[in-house]
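Here we start with a single chain on its own, the form predicted alone, put down as structure tokens.
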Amino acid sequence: MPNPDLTSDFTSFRIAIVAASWHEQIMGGLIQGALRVLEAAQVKQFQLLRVPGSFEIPVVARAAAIAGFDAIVALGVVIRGGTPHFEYICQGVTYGITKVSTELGVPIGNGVLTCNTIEEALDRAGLPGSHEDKGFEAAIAALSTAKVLKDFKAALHT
């Protein structure tokens, strides 16, 4: 991932983190990764909204978008099992957050892990020994896109 530019003024941005509750250790890593970005960017206004599972993320993300948040970080984890449940949940979450983002014009950083095993999820959770930090990456994507939109809107009004 490219080195993120967090030197812009993000102090007026309002960011919501919508995070599932399943898989506490993995979710803890994802949330901490997102919070590191917000701290580094000096975001003063953020809210952590916990939902039961990943499937519930889109409805709360929609409420956050309507409430005026500038960007949303969606965090969750879905582990493949022996039934088609995995495909339905992953498709529903992806479709839901995409629909919210495009219809309401609010960027959503997608940090919902869709993994075959717990080990794959742990390796992406930003924990000690993990190779990736998807919570961090999702927050960077949300914040960076919110900045692009803000700059674009400001340029239209000049």
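Residue positions are given as counts along the sequence shown, with the first one as 1. Because the structure is a prediction, the values reported are computed rather than measured.
Not on display, but discussed next: the form predicted together with a small molecule.
Quick check on this chain: which one of A65, A40, I31, I89 has a heavy atom within 4.5 Å of the small molecule in the predicted complex?
Contact residue from the list: I89.
Check whether A20 has any heavy atom within 4.5 Å of a heavy atom of the small molecule in the predicted complex, and answer yes or no.
Contact with the small molecule, yes.
Could you tell me if F55 has a non-hydrogen atom within 4.5 Å of the small molecule in the predicted complex?
Residue-level check for F55: yes, a contact with the small molecule.
Using a 4.5 Å heavy atom cut-off, which of 146 to 154, 131 to 139, 21 to 29, 8 to 16 contacts the small molecule in the predicted complex?
Looking at the other structure, the answer is 21 to 29.
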